[in-house]
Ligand code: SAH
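Next up: a single chain in structure tokens, the form predicted alone.
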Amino acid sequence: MAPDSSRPEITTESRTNLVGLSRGALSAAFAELGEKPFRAKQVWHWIYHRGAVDFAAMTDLSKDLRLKLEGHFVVARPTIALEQTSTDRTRKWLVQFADGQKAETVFIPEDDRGAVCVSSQVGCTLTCRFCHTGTQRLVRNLTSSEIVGQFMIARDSYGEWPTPTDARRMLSNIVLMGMGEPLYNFENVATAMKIIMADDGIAVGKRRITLSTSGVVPQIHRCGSELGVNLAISLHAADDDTRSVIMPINKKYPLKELMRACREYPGASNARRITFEYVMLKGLNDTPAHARALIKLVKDIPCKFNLIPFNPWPGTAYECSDAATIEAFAQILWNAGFTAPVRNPRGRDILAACGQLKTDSEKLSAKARRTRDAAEAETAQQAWAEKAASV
């Protein structure tokens, strides 16, 4: 069963966080305060175009209005628990949310641009055998605020406010390939991506956004029709037996159904091809026979392949295919007319490469949450008493 995506947006001190509200929800919140729609448009511009983190910076609003807004709302990002930069310049953030849960976000830079890899869940509802995230059970869905917030803290880190033009922006692309299965959190992912795509804000176009799914067939068409973003399929095998072993979701949505959904994906064409991601696992899915089966499987689908050398993580039982084996596999696909680049692993030294993301967040029982919250409250009270005593 898919996780509940109706979880309300996180509030801070009983004030609603404006980050992550849809344009309609933002306007409705302002209307409840008796403010006209153009005020919501002004605040939207400050949050998503200029990167403002508080109302004091919104200088085209009156002082009285800024104080009024401050009494009801906040403009809050997630916090950064840890930031690491790889020797190859890949940067990873361990992002902490208001309830203490964590997810990881990664920026993969190129010479003049780069992609931010965003998480959609804390942990993952799937248990793909080759994926480190899959060893961490699902804690919860991320809200639209927490999804948008990941891209915003990446922009904070690189100083990309106000929103630069496409020609000058380093953080040019978004890939929903981080922790979690985005199509099991579609409502929040969709709200976040619509905010990010809005021309008068962050303004990352849909052609620069790629959503990767392990194959949640019922939501694939909806993704194309409502968002129109690029689609990537985490495939990794050309037959049901192998794929079901390494990706248990295949038992629910086998390859025949998945390929049908790909053939029917709105907007797919030779100009906008579906990407099939294929992690190379030694002795499991990397033979010439596997390559030929893959060619047959994707017949009549406008597509390309992304061959991914397996990135090891502590405790894994899998090994990466040899370089020569990967090149031979790629050549078979190339000879059949498919683009099949071999992905250059990035950020391996900080466990930021594909399939390596994981946090220490755990799903707590109601009793454990109460115990944690009480301990945090006691600590805060002690800190406040010590501060008061020192005055």
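Since we're looking at a predicted model, the values are computed, not measured. Position 1 is the first residue in the sequence shown; the rest follow in order.
There is also a form predicted together with the ligand; it is not shown, and the following applies to it.
Chemist: In the model of the complex, which of the listed residues (Thr90, Asn311, Thr191, Asn250) lies with a heavy atom within 4.5 Å of the ligand?
Modeler: It is Asn311 that has a heavy atom within 4.5 Å of the partner.
Chemist: Answer with one of Tyr265, Phe73, Phe151, Phe130: the residue that has a non-hydrogen atom within 4.5 Å of the ligand in the model of the complex.
Modeler: Only one option qualifies, and that one is Phe130.
Chemist: Contact with the ligand in the model of the complex for Leu171, defined as at least one heavy atom pair within 4.5 Å: yes or no?
Modeler: So Leu171 does not count as contacting the ligand.
Chemist: At 4.5 Å between heavy atoms, is Ala103 in contact with the ligand in the model of the complex?
Modeler: No, no contact at 4.5 Å.
Chemist: Is Glu277 part of the interface with the ligand in the model of the complex - any heavy atom within 4.5 Å?
Modeler: The answer is yes: Glu277 has a heavy atom within 4.5 Å of the ligand.
Chemist: At the 4.5 Å heavy atom threshold, is Glu146 in contact with the ligand in the model of the complex?
Modeler: No, Glu146 sits far enough from the ligand in the model of the complex that none of its heavy atoms falls within 4.5 Å.
Chemist: Should the three residues Gly178, Thr213 and Ser234 be counted as contacting the ligand in the model of the complex, with contact defined as a heavy atom within 4.5 Å for each?
Modeler: Looking in the model of the complex, the three residues Gly178, Thr213 and Ser234 all sit within 4.5 Å of the ligand (heavy atoms).
Chemist: In the model of the complex, which of the stretches 303-311, 286-294, 195-203, 217-225 has residues with heavy atoms within 4.5 Å of the ligand?
Modeler: Looking at the other structure, the answer is 303-311.
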